[in-house]
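Just the one chain here, the form predicted alone, laid out as structure tokens.
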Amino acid sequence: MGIIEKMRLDGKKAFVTGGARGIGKSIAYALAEAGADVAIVDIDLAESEKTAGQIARDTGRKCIAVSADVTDKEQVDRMIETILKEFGRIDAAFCNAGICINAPAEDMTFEQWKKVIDINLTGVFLTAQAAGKVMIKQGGGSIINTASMSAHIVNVPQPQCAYNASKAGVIQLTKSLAVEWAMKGVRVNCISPGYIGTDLTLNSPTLKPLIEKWNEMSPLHRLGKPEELQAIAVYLAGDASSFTTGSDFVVDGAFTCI
């Protein structure tokens, strides 16, 4: 099998959490374009259904919408049951749902801290754990977690200690799961994006004033685009990355190099 064939995902079944918009939507599109059937998982079911319908029409792949709060184990388990009922198996899981709350550490409330950690770290664990159980039973699969360049640096000027800590935890969780499940056929990797120009970022009144500062600091002097994360996700989801596990792929336009 040639490299082009290995990069195809024909016949594979995948899900993407936080898949209704932004990075998740872009990755879901890429997986479907590469041949996979995809479940769009999001707490916003209406938007998830809209995205699933759009991807199905554009790619011809089966695409379903599933509502789930990734911090709730029962909802995650039901999500997995729904996907298995529709698809029969899970070959790739993109654990992407996340939030960021900017607040000075001395002013951050416990509720703010807990919300970020619950969604960004505990949510990744619960979805990866649930997918991992299925993949171990079926004989293999690939889990891809969304970390961040914020796991490697302290972002400025915005204060976001909870976000940075949660994403550092995602990387170590990824490595730990990769080692535990290596001999069980389940590969676990993560992607650490830099500043990405999603609709949320570009239209947020709190973030828009920071973009000029970020671009000034970046070696490429621009934000990344969601589609610039697609190739690495497709690679990790498929057979081309069969020897790749426990790795963190930083896609940040060299921001962490400075």
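Numbers for residues come from their place in the sequence shown, where the first is 1. What we label the rigid core is the largest C-alpha set whose atoms superpose within 1.5 Å from one form to the other. Just so we're clear, the structure is a prediction, and the values are computed from it rather than from any experiment.
What comes next is about the form predicted in complex with a small molecule, which does not appear here.
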*In terms of non-hydrogen atoms within 4.5 angstroms, which of the given stretches 139 to 147, 82 to 90, 178 to 186, 102 to 110 touches the small molecule in the predicted complex?*
139 to 147
*So, Phe125, Ala131 and Val250: all three within 4.5 Å of the small molecule in the predicted complex by heavy atoms, or not?*
no
*Contacting member of Thr59, Gln230, Ser218, Thr201, with respect to the small molecule in the predicted complex [4.5 Å, heavy atom]*: Thr201
*asked:* Would you classify Ile43 as touching the small molecule in the predicted complex, given a 4.5 Å non-hydrogen atom cut-off?
replied: yes
*Using 4.5 Å between non-hydrogen atoms, is Ile23 touching the small molecule in the predicted complex?*
yes
*Using 4.5 Å between non-hydrogen atoms, is Tyr195 touching the small molecule in the predicted complex?*
yes
*asked:* Using a 4.5 angstroms cut-off on non-hydrogen atoms, would Ala68 count as touching the small molecule in the predicted complex?
replied: yes
*After superposition on the rigid core, does the Cα atom of Gln54 shift by at least 2 Å between the shown form and the other one?*
no
*Does Asn215 move its CA by 2 angstroms or more between the shown form and the other one when the core is aligned?*
no
